[in-house]
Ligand SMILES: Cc1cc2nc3c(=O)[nH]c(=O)nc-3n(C[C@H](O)[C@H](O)[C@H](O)COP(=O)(O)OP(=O)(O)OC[C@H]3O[C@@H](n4cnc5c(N)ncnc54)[C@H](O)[C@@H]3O)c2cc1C
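Taking the form predicted on its own, here's one chain by itself in C-alpha cells.
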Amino acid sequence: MKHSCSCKTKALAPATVLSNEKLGPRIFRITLQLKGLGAKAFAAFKPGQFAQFEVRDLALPAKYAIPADLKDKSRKNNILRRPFSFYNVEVVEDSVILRALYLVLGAGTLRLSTTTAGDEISLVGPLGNGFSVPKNKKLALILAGGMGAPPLQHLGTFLAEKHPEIRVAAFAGARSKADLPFNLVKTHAETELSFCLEEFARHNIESHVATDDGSVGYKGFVTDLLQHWLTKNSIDPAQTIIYTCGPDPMLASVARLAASLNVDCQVSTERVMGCGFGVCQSCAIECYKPGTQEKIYKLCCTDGPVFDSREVAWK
C-alpha cells in the first residue's frame, strides 16, 4: 500500500468549539469549526488522518471533579500537542465542521473536557496518511475496537458516499455497553431482538456489536464476532478488504485473520506522537522491509497511522 504524505497541505489554525458533550462517564464528543486557511486545508481531510490539538493552555476541572486516578496526572504540564482523529468532517459554505470522540485518560484529555462553546483550540493538520480504497473491491469489513471508532465511522460515511458499489459491514467491540462510543438502535433480526449502530445504519451499512461482558450484542471479542460472521457469509478474498482501528493486540489478531484468508487489510495504529510530523521520532513502529523479513522502523505520524497489515512486525 503506497501513500503520499499529506504534510504539504497541513495548516496551523485556531478552531472554535461549537459544543463539547459528555456521552458517558469519560467519553466526550467535541464539535469544532474552522474558517479561512484552516478550513481550506481540512476540507481535504481523509478518513484515518489526524490533527494535533494544543491543550496546555486549557483549564483543569475543579479539584472535586477530577477522578481520583487522574489527580496526580492532572498536575503535569502538557507541553506537547495531542493527536485526535475525527468521525466526521463536513464542509459547510466557507467553513469546515470537525467532530471527534475522545476518552478522558490523562492530563491532556482532562483539560480538553473543560472546553465549552466559544472556546478556541489550536490545531495542526491534516497529518499522516489515511485509508485508501484499492480498485476492484466489492466488500469492506470495518472493525472498530473501543475508541478506535472515529476514523472508521468517518471511513464508513466516505465509502457510502464515494463508493456505493462496495458493500460495507461494520463491527464494533468494547468491554461493555457503557463503553461503546456509538448509539445503539433496537432492531429485529431473524425474529430476535438485536441492536445495530445508528452511525452506520443511517448509511444503510449493516453493523454488529460485541462486548466482553455480553451486556449487549455478541459476548466476546469483536475479532471472534467477525470470524463468526465469516462462517455464515462466503467472501471472495480478492474482492474483500478489512479496515481496522483499536488496541495493538486486536490489530495483530485481525492481521493474522486477514493473512489466513489472503484478504487485504489496513490497520490504523496508535502511538504517542510528540510532534505529529516526523521530527521527534517518538512514534516508531517496527515494520518489515518490503519483500523481506528484515525489520526496519517507520513513523506512525508520517508513514502511517494507516499501514498495510502485512507491513507491521506484530509483537
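Everything numeric here is computed off the predicted structure, so don't read it as measured data. For every residue, the number given is its place in the sequence shown, counted from 1.
A second form of this protein, the form predicted together with the named molecule, is not displayed here; the remarks below concern that form.
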Please name which of the stretches 80 to 88, 207 to 215, 159 to 167, 220 to 228 has residues with heavy atoms lying within 4.5 Å of the named molecule in the predicted bound form. 80 to 88
At 4.5 Å by heavy atoms, is each residue in Q33, G38 and A41 next to the named molecule in the predicted bound form? no
Do Y102 and the named molecule come within 4.5 Å of each other in the predicted bound form, heavy atoms counted? yes
4.5 Å heavy atom contact, G108 to the named molecule in the predicted bound form: yes
How about G173 - does it come within 4.5 Å of the named molecule in the predicted bound form, if we only consider non-hydrogen atoms? no
I'd like to check something about M273: if you look in the predicted bound form, is any of its heavy atoms closer than or equal to 4.5 Å to a heavy atom of the named molecule? yes
Within 4.5 Å, heavy atoms only, which of K177, K73, K137, R202 is in contact with the named molecule in the predicted bound form? K73
Candidate from I242, M147, V124, V96 lying within 4.5 Å of the named molecule in the predicted bound form - any heavy atom: M147
Could you list the residues in 292 to 315 that come within 4.5 Å of the named molecule in the predicted bound form, counting only heavy atoms and keeping sequence order? P305
